[in-house]
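This document starts with one chain, in the form predicted alone, laid out as structure tokens.
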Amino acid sequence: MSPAPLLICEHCDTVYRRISLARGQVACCARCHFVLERHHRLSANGLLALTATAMVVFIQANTWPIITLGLNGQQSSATLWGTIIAMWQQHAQIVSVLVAATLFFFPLMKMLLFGWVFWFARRGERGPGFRGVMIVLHYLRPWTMSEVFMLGVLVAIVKARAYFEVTADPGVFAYAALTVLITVFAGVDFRQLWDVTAERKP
């Protein structure tokens, strides 16, 4: 399907005629400067492949050790879930729940919903529950904190080197790759899926 010929600003309801955007271009509202549309470099097939890649990296990041600390010949490795469980056992239940939600459950839900939407979008269709999925994705957008976690790990590694022998394990590199993939997703305007997909035929 071809995109709808008109664009409506979500902030001030100004109507514009849609034009083709070149690579790197962004269409903004002349009245309130809200971003109306971004150029899409990836097709639905490309976004589906990117989602599958992010899922593989996500599993690796949550399975592999993140960091190893050494002191007097003894070493201790930590994974994300090992850290979450340790915080729970140390009576920091609120923090552990927030970490589990923002670093595991919300990103996992987001990637599964992306996969569901893109699987049908590559055929120009809207999958079952498309409207509800798009609403959930809108509210999940700011609640993936992998980049914040990555920054915190880097700061912790630098500070811990003053007291321990610190070794960065494969998990931290998987999280770095996941952060890059999430950044790519953040630059995609998923609202265009409403324009380039149609309801499935019964």
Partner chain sequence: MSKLPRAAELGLIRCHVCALVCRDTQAPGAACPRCGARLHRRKSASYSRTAALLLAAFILYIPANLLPIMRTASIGEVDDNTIISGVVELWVKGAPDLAIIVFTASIMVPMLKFLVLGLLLVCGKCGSNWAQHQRARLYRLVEFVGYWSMLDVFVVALLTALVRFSVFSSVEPLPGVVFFGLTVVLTMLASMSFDPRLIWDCGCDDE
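Residue numbers count along the first chain shown, from 1. Keep in mind it's a predicted model, so treat the numbers as computed, not measured.
Beyond what is shown, the protein has a form predicted in complex with the partner chain; the following relates to that form.
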Though only this chain appears here, would Ala121 touch the partner chain in the predicted bound form if you measure heavy atom gaps against 4.5 Å?
no
Check whether Thr14 has any heavy atom within 4.5 Å of a heavy atom of the partner chain in the predicted bound form, and answer yes or no.
yes
Gly82: heavy atom within 4.5 Å of the partner chain in the predicted bound form?
yes
Although the partner chain is absent from this view, report whether Met111 comes within 4.5 Å of it in the predicted bound form, heavy atoms only.
no
Among Ala30, Ala177, Ile59, Ala27, which has at least one heavy atom within 4.5 Å of the partner chain in the predicted bound form?
Ala30
For the stretch 86-109, I need every residue with any heavy atom inside 4.5 Å of the partner chain in the predicted bound form, listed N to C.
Ala86, Met87, Gln89, Gln90, Ala92, Ile94, Val95, Leu98, Val99, Thr102, Leu103
